[in-house]
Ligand SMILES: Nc1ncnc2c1ncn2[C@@H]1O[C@H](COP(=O)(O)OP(=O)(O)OP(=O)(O)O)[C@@H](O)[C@H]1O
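Encoded as structure tokens, the following chain is the form predicted alone, with no partner shown.
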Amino acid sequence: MVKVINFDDVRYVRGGRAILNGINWTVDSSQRWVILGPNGAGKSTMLKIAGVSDYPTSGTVDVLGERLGRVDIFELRTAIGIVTRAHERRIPLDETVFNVVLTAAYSVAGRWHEQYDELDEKRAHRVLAEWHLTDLAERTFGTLSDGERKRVMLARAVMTDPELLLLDEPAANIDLGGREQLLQMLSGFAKSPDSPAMIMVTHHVEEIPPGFTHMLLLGRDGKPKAQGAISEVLTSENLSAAFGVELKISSESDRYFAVAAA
């Protein structure tokens, strides 16, 4: 398998505080990773570094075979699909759903005077269909529900056929029905052998889609508590140590649930 991410003894310090501390982590092209941990554990910081939007204070990071600090990050970003709240906020509210997805071909957040060829438009229509968005194609982004917006941003992220897909809490702020629909679609995408390597940040084990294979569990000190196959990492003992609360893990139909221990 192709190695798409490698963190070697990575530390990230801001304001004198070590947000990440001693991260050694490797992701290959066949894996779908969840980064789980409490608030302030450094989950989103890891995603920013993996998405070449920030640099570690020390240690080395390789993304898609390129060493951060020695590569043109603007070229590298074209191979990375990203879904975050910050990216969502950049989308003009009066832009149509079709154009939100189509404009990913030029990495712009709004239709201006670009010229798109027939292949771009056909791919945009195909991606919309894959994420069950065809009926919304002519709706404006500002009229969508939170769940619909998340699916549009996912479609936009995969429009350019990325080698790496990064998801920052994709199910946050969505109602139960929207969450379950989104997780079902993410599960199908994760299970496809044609999909890129995927990394998803979440606070909640209930939001882990079936098909994700590995987990990096961070503690409040920014240090890894455990990493590896989800079935080995996601235990009551590991989760309790990471969150500082006695927790009990259960699972059903490849979904996970956590409650406070009695």
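Given the structure is predicted, the values throughout are model-derived calculations rather than measurements. Counting begins at 1, following the sequence as shown.
FYI, the form predicted in complex with the named molecule isn't displayed, but the following is about it.
Only one of E169, D120, E163, E95 lies close to the named molecule in the model of the complex, with a heavy atom inside 4.5 Å, and it is E169. Heavy atoms within 4.5 Å of the named molecule in the model of the complex are found in exactly one of 37-45, 206-214, 227-235, 63-71, that being 37-45.
Mapping the unseen interface onto this chain, L239 falls outside it, with no heavy atom inside 4.5 Å of the named molecule in the model of the complex.
In the model of the complex, the named molecule lies farther than 4.5 Å from every heavy atom of L247.
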